[in-house]
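One chain is shown next in structure tokens, namely the form predicted on its own.
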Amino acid sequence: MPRGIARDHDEKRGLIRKGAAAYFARHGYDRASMTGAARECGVSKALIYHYYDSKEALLFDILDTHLSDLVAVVEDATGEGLPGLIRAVLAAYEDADAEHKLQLDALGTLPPEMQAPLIAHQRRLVAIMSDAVAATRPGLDPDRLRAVTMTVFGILNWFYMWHRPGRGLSRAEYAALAADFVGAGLKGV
């Protein structure tokens, strides 16, 4: 008789995703090993392989969960306009710096069939942000709309690189600054 799924299956899987994301981001996905990920997570390599049949499958799950959660948060914030989306993205990025770094650095290492759903999530995020930019500044031609949308993501996506919690602006303060900055910039476009 096959063994059932443990009650804490999802919790263990989540802890493995979080620990492996931190390990992969710190060491570089291409140089990281499943043995190192197991050590980082405080579990055996056999347990990781119980949940994931390959390093690629683990990376995919890390990125898919991160991007799916981000899409859900952003979709929930669409009624709050551009400032609300900016706040929502920065809030969703909190405690997800490793996942975000992997999204930027390692997504392209996955085979095309694994990249496709992740890229679809990214495109959904861009479409939502683009709609918010267009609602804030109607009449932008498509090239300018795309450039402004990607500029907003540039302001948000690199926050993790320079921000140090407890020093300088908080995430909420930076979100307000970024929203004001983008709003004022759109008036001049």
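Note that the structure is predicted; figures quoted are calculated from it, not measured. Residue indices: 1-based, along the sequence shown.
One more form of this protein, predicted in complex with a further copy of the same chain, exists but is not displayed; see below.
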| query | finding |
| --- | --- |
| Contact assignment for a further copy of the same chain in the model of the complex, among A127, A120, A57, M150, heavy atom within 4.5 Å | M150 |
| Residue among V43, M34, I155, A134 with a heavy atom within 4.5 Å of a further copy of the same chain in the model of the complex | I155 |
| Heavy atom distance at most 4.5 Å to a further copy of the same chain in the model of the complex, all of Y49, Y52 and A172 | no |
| Proximity of L177 to a further copy of the same chain in the model of the complex, heavy atoms at 4.5 Å | yes |
| 4.5 Å heavy atom contact, D69 to a further copy of the same chain in the model of the complex | no |
| Interface membership of A116, a further copy of the same chain in the model of the complex, 4.5 Å heavy atom rule | no |
| 4.5 angstroms heavy atom contact with a further copy of the same chain in the model of the complex for L104 | yes |
| Neighbours of a further copy of the same chain in the model of the complex among 131-149 [non-hydrogen atom within 4.5 angstroms] | D143, R144, R146, A147, V148 |
